[in-house]
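Encoded as structure tokens, the following chain is the form predicted alone, with no partner shown.
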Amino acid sequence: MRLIFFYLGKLFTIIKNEVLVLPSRVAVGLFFLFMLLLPLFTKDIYLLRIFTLTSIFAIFAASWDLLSGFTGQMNFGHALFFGVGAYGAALLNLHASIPPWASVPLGALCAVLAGLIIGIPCLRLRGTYLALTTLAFPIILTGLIFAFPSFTGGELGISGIVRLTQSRVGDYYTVAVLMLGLCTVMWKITDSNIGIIFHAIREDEVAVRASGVNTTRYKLLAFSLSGFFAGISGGLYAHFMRIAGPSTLDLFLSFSVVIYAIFGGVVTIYGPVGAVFVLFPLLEFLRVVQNYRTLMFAVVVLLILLYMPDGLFAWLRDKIEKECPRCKIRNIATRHTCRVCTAPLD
């Protein structure tokens, strides 16, 4: 019992000193609670379906930011990882009878292999050339799917896949918990020494290479990590929708993830995640005005990009917090001195 009270006290201290001191961290904490408690307040199947799909695409969007946002390796064919993860999980489940808890990570490993296959020939390319090259790979894989319909299902895709769980609430909790966990892992990666090197490669790869860092290895690592997380989202999508088809490799999927990242704010991880939770439900709820749905969606995106070029959530964070010029610690905007080094903030 004493041990329980000890850890509860430690948790309370962390929340008090690390979470409650910044509005952005409080918002993240409330978001975690919202995701975990949502099924307790509603059992609406349609609403749970929307938030389950939103969570899947949030993982997908964060994985793009991990690669293109932090390392600057502009990937316009990110749907390849999603599609490989979806097809890998579907084929393993259908032909080898592997359950979802194993087929999803194995499908993600297939996406890691795809990341290496893409990363190796693209290492010498930058900018527009890299973007156009990565754009070609989903098209190539789609052609291969159409070429072997007896194995891949062709245009109809693969159906009859086992569900994630036996209930919609179970599906929701499985995906939501994985989303919260994986996005936290991605954020921790970017906040580590590896993330610093990723960011340095984005800013000036030549200088990083001159300092003795093997940039080739780190770029391949970025492609592999991004492919793994995107593959997880693809495998979850396949088991949730019970189908893996050419739509998982669609070019619109690759471009939509770029929109999510830019809308929320690149080089943040939380920006693309937040953007998905704003835009994906918005697009679903706009089905009531089907004729104007795409137009209204485009207007919202354009307004954000016009008035908040750094992204919606980056703009909001800058409004409610400010960075200390001395120690670079973030403080609530109403403070006049830094909470750590007491330097003046005004």
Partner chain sequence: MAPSFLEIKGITKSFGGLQAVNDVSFSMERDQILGLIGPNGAGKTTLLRLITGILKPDTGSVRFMGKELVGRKTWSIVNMGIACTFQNMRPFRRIPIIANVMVSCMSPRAMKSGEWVKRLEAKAMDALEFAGISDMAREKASVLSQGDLKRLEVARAVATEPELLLLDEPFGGLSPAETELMAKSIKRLHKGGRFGRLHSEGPAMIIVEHQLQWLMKIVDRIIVLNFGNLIADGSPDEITKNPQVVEAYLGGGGI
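Residue numbers count along the first chain shown, from 1. This one's a predicted model, so the numbers in the text were calculated from it and none came from an experiment.
Just so it is clear, the following notes concern the form predicted in complex with its partner chain, a form of the same protein that is not shown.
Annotation: in the predicted bound form, residues R163, S167 and S256 none come within 4.5 Å of its partner chain through any heavy atom. Contact annotation for T184: none of its heavy atoms lies within 4.5 Å of its partner chain in the predicted bound form. Within this chain, K328 lines the site of its partner chain in the predicted bound form, having a heavy atom no more than 4.5 Å away. Within this chain, N193 lines the site of its partner chain in the predicted bound form, having a heavy atom no more than 4.5 Å away. Taking the partner from the other structure, its partner chain in the predicted bound form has a heavy atom within 4.5 Å of a heavy atom of V206.
Comparing 78 to 86, 209 to 217, 102 to 110, 140 to 148 against its partner chain in the predicted bound form, the single stretch with non-hydrogen atoms within 4.5 angstroms of it is 209 to 217.
In summary, among the residues M74, L178, A200, L94, the only one with a non-hydrogen atom within 4.5 Å of its partner chain in the predicted bound form is A200.
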